[in-house]
Ligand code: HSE
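Quick heads-up: it's one chain on its own, the form predicted on its own, in structure tokens.
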Amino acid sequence: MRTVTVGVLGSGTVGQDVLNLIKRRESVFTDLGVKIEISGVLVRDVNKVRDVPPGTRVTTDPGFLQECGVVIEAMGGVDRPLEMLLPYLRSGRPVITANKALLAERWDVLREYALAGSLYYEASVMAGTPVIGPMSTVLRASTFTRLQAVLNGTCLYILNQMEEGRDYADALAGAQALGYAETPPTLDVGGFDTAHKLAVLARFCADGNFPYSAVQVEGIEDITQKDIQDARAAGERIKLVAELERDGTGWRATVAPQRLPENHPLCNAGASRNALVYEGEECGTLIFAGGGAGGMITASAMVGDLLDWVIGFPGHVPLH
């Protein structure tokens, strides 16, 4: 039995569920000959009440990172986690993250570690619904042509509420009251969260160096009840769609509201869930749909990444 020391950055909803799921799956790790030991959990306030396994060491001191074999990052943000993770990555140790903003905006720094197999980030797009794994492995044999996706649960909720008759401001307030949308909610409703995720996906099927700045972004803030009703009258629904397709010799990546037929996969398979339609010459059309947010859903992918690392699988390698 070998001991694997794990450090966790952040103990919000996702961080707490990661810790609880590791404990819940203890027997799976044992079957692999591994005992997981949590070296520490970095938090801002050690006195905050948390739902974590008894005896979990929470601290404001990141010094425990030095003794970890692997780090799970669940703190969010861009520059602060990058500052903490870079020395760790440079030492050749792996990082598991769901941080799409970090991956999208600091790819120039992180790509070499992804190419080395040191970055695991299935949860960064569609949380526990696996899309990065297939795109980074078996789908490489197929010639990619196009993808369309609904990748933000807040926008999905707001547009669904507007279809039920609520105006935009009221639907947004409801999303904030339920904790779906941040305050301010620009990252979600402005389309930037979706753009982060599209940039991450593009590096597996279009260009391994695809820049976040190349994504054209339009949010849902200007959608009105009239827009919603006009679409429904035409047998269509409005979705915030991430799209990647050929544009001459390059690629065009956009995030914008689109009117889609009611029988489109993003409208039926993804009626109240995240969904992605992947098109390849050889594989044909593939549809992925499922939960794209939530603590335990996201934790399931992050702990899955931890299991992959324990078994010996490399992280998610972009196109060379």
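We number the residues from 1 along the sequence you see. Just so we're on the same page, rigid core means the largest C-alpha set that superposes within 1.5 Å between forms. All values derive from a computational prediction rather than experimental measurement.
Absent from the display: the form predicted in complex with this ligand. The rest refers to it.
J.: Which one, 139-147, 113-121, 218-226, 191-199, holds residues whose non-hydrogen atoms are within 4.5 Å of this ligand in the predicted complex?
T.: That would be stretch 191-199.
J.: Report whether the minimum heavy atom distance between residue 100 and this ligand in the predicted complex is within 4.5 Å.
T.: Contact check for residue 100: yes, within 4.5 Å of this ligand in the predicted complex.
J.: Taking this ligand as it sits in the predicted complex, is residue 68 near enough to touch it, meaning that at least one heavy atom pair lies within 4.5 angstroms?
T.: No, no contact at 4.5 Å.
J.: State yes or no: in the predicted complex, is some non-hydrogen atom of residue 180 no more than 4.5 angstroms from a non-hydrogen atom of this ligand?
T.: It does: once this ligand is placed as it appears in the predicted complex, residue 180 has a heavy atom within 4.5 Å of it.
J.: Find out whether any non-hydrogen atom of residue 94 is located within 4.5 angstroms of this ligand in the predicted complex, and reply yes or no.
T.: No, residue 94 sits far enough from this ligand in the predicted complex that none of its heavy atoms falls within 4.5 Å.
J.: Just give me the single entry in 260, 38, 52, 293 that has a non-hydrogen atom within 4.5 angstroms of this ligand in the predicted complex.
T.: Residue within 4.5 Å of the partner: 293.
J.: Note which of 205, 151, 132, 85 lies within 4.5 Å of this ligand in the predicted complex, where distance is taken over heavy atoms; exactly one does.
T.: Filtering the options by heavy-atom distance leaves 151.
J.: Superposing on the rigid core, does the Cα of residue 87 end up 2 Å or more away between this form and the one not shown?
T.: No, shifts by less than 2 Å.
J.: Given a core-based superposition, decide whether the C-alpha of residue 184 shifts by 2 Å or more between this form and the one not shown.
T.: Yes; that C-alpha moves by at least 2 Å between this form and the one not shown.
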